[in-house]
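Okay, here we've got a single chain as structure tokens, the form predicted on its own, with questions on binding and movement later.
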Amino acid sequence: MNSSSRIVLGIVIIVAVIAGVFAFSQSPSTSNNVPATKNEPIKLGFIGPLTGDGAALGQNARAATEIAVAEVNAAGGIKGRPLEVIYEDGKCTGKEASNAANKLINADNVPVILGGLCSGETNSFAAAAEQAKRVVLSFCSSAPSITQAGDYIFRDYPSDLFQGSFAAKYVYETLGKKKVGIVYVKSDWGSGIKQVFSEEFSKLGGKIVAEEGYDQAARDLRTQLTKIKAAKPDLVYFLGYTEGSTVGLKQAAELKLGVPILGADGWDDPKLFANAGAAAEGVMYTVVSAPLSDAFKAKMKEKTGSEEVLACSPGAYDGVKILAQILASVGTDSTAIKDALYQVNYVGGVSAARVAFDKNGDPVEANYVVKIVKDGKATEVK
């Protein structure tokens, strides 16, 4: 090889190296807003309890999500691209939800995670999502701690700052109960709403005569309930998920507490009342008031075979619709999606008359109702 040939070959090699470096810098692995073919799906993540504690809530929310996705795609998708959701089972535990989020962020490269459902799910991966600059839109996590989770963390389900305060006023002013014993699951949700209720109830002039926490996996609450009974409350505020509450209500009946029992939105699960049987008769609980349309209720019945639309499902449905509008406007860049969410003013949905987010990504308003269990079914207290 002569000297001129060596020079030409050297130039070719340098150009090839530079081209390779440039191509690497543009690799899809470095961005979640890479160019896509017209028919390539836009993928979102979903995290919620599809099995285990809270599975009824999770499966019902998945059905609502699927309905919304089908409607978006039937209307042409996102500028011709279909919307697709990758469903992950968070099992209402931090460990499972964190693993699921890691997969969705690092393997599936989704720009948005719809979820988690349980507050402990969302809190477990919020920091990782924030660091990766991936949007989280929870449709049911209500723990007050989520307010400070990060700039990319949103929820269209209200904070328990609303629910705890509403419950305290209902107990003190409407029911006229001045002494309350609290049994609560030691989770982000249970501890958070307990704290809000206790502070507000005390401000009103009421007294918390006993507080007893239990682990989420516990299936024997006799010790806690016995201590609550000994404190002689006028009412028991029982904060729990389906499995623990089922056992707790049965044991409360066995111990003959003899006072009203009020729960929270974690009880909006027909499985709880079916399994607790007579022990659930007459118990009450608070839940978000959602303006469900007849069309949405009919589609849920067709999808699930049941007329039950559970607490988390309206937020899941509206979450998809809100994200679809934003994706059509700004594309799949997570930062652009985040910025657009702060400007949302969504009306005509099924979760609230209006969905708008404050500077912390929380809904700006919330309304609640009280339901009571009669003949194994929950109906609104009028």
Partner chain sequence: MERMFFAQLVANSVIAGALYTLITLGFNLIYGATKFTNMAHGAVAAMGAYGVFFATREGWGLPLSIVAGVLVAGIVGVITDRLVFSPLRKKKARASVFVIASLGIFALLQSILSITFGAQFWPLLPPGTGRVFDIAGASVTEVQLWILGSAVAASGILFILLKFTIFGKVIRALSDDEEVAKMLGINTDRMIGVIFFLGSMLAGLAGILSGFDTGVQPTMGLFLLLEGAVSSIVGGIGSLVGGILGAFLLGFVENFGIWFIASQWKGAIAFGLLTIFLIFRPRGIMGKD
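Keep in mind that what you see is a predicted model, and the values were worked out from it rather than measured. Numbering follows the first chain given and starts at 1.
Keep in mind that the form predicted in complex with its partner chain is not shown, yet the notes after this line are about it.
Contact annotation for residue 243: at least one heavy atom lies within 4.5 Å of its partner chain in the predicted complex. Within this chain, residue 276 lines the site of its partner chain in the predicted complex, having a heavy atom no more than 4.5 Å away. The shortest heavy atom separation between residue 213 and its partner chain in the predicted complex is within 4.5 Å. Heavy atoms of residue 226 reach within 4.5 Å of its partner chain in the predicted complex, making it an interface residue. The partner is not drawn, yet in the predicted complex one stretch among 255-263, 303-311, 77-85, 160-168 has residues with heavy atoms inside 4.5 Å of its partner chain: 255-263.
The contact residue chosen from 133, 297, 271, 178 relative to its partner chain in the predicted complex is 271, the criterion being a non-hydrogen atom within 4.5 angstroms.
Checking 204, 292, 209, 230 for any heavy atom within 4.5 Å of its partner chain in the predicted complex turns up a single hit: 230. Not one of 283, 374 and 377 places a heavy atom within 4.5 Å of its partner chain in the predicted complex.
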